[in-house]
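Okay, here we've got a single chain as structure tokens, the form predicted alone, with questions on binding and movement later.
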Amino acid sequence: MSSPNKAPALAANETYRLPPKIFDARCAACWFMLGLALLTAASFLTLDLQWTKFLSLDAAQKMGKFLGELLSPATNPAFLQKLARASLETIAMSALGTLLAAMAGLALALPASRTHAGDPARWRAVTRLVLNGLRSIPELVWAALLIISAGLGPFAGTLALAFHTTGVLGRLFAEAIENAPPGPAFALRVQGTPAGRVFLYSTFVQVLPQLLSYTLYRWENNIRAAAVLGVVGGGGLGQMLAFHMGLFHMNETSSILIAMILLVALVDFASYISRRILQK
């Protein structure tokens, strides 16, 4: 039978460590964070921040008037009909752009990935360079460039989404292919199965849920991007937004912003349900 005084004796002999210091002179990360904080503080000195004008009574009155107009959206049937067409155009742009990007991204992901240790992957570096170039250019820049050749409208916006998203999905697809479990593919290669069938019946089947998840996620992002591309003439809700904001039509602008929010929420919900179904 244990003594009742044994537990307090053991507790007294235990060594307790004090929590680490917030800043340690030998901590490289601490110096890095301190330097980053100093650079952030110094960057504000270069900005012409006119807080007195921003917090003035005149600015508050103008902001109140602006919010009052923005909180009363336009509801006339003719405008709502145009808004519905623009919303459908935005959905079509994002869906078609994502679909084209998924197909092109998968085609580029194959030469951009090393499927096994003995794979020479001769085109891996070149293809990854192409993917990096595609995704490094934002959608707005792609749209501005493509409008010159494709003209104003949703076609240029769709191509802009497709080009940028091809770079993003291609890189994600290549990483998924390289990280696939090698066992099934190795078993097929040992039996002399051609490389195309090895990919189709082993690697592709394993990574398909991940590829679909990446594609749905990018579709969510492309809905937001498609709503902005109209600012440079890419069609859809963005083009209506740029037009009415330029003319200071706040009632119409409010309706367009509400349509954007509802559209993004709808696509987010549909994508969430689709991912849940794929995970089952």
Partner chain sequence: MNSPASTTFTPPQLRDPAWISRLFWICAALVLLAPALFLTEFRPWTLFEPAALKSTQRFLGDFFPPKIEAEFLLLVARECWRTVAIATAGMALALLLAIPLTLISTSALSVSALPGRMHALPFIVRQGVRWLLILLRSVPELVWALVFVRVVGLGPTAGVLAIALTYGGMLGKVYGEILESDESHATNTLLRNGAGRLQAFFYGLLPQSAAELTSYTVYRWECAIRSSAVLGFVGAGGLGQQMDNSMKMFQGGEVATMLIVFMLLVGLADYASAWLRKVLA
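All of these numbers come straight from a predicted model, not from anything done at the bench. Between two forms, the rigid core is the largest collection of C-alphas that superpose within 1.5 Å. Numbering follows the first chain given and starts at 1.
The form predicted together with its partner chain is left out here; the points below concern that form.
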Candidate from L110, L83, A121, L145 lying within 4.5 Å of its partner chain in the model of the complex - any heavy atom: L145
Joint contact, P77, A259 and V267 to its partner chain in the model of the complex, by non-hydrogen atom at 4.5 Å: no
Contact flag, L100 vs its partner chain in the model of the complex, heavy atom cut 4.5 Å: yes
Its partner chain contact at L49 in the model of the complex, heavy atom, 4.5 Å: yes
Heavy atom of G68 within 4.5 Å of its partner chain in the model of the complex: no
Heavy atom of T158 within 4.5 Å of its partner chain in the model of the complex: yes
Members of 43-63 lying within 4.5 angstroms of its partner chain, judged by heavy atom, in the model of the complex: S43, F44, T46, L47, D48, L49, Q50, W51, K53, F54, A59, K62, M63
Rigid core superposition, L70 Cα moves 2 angstroms or more between the shown form and the other one: no
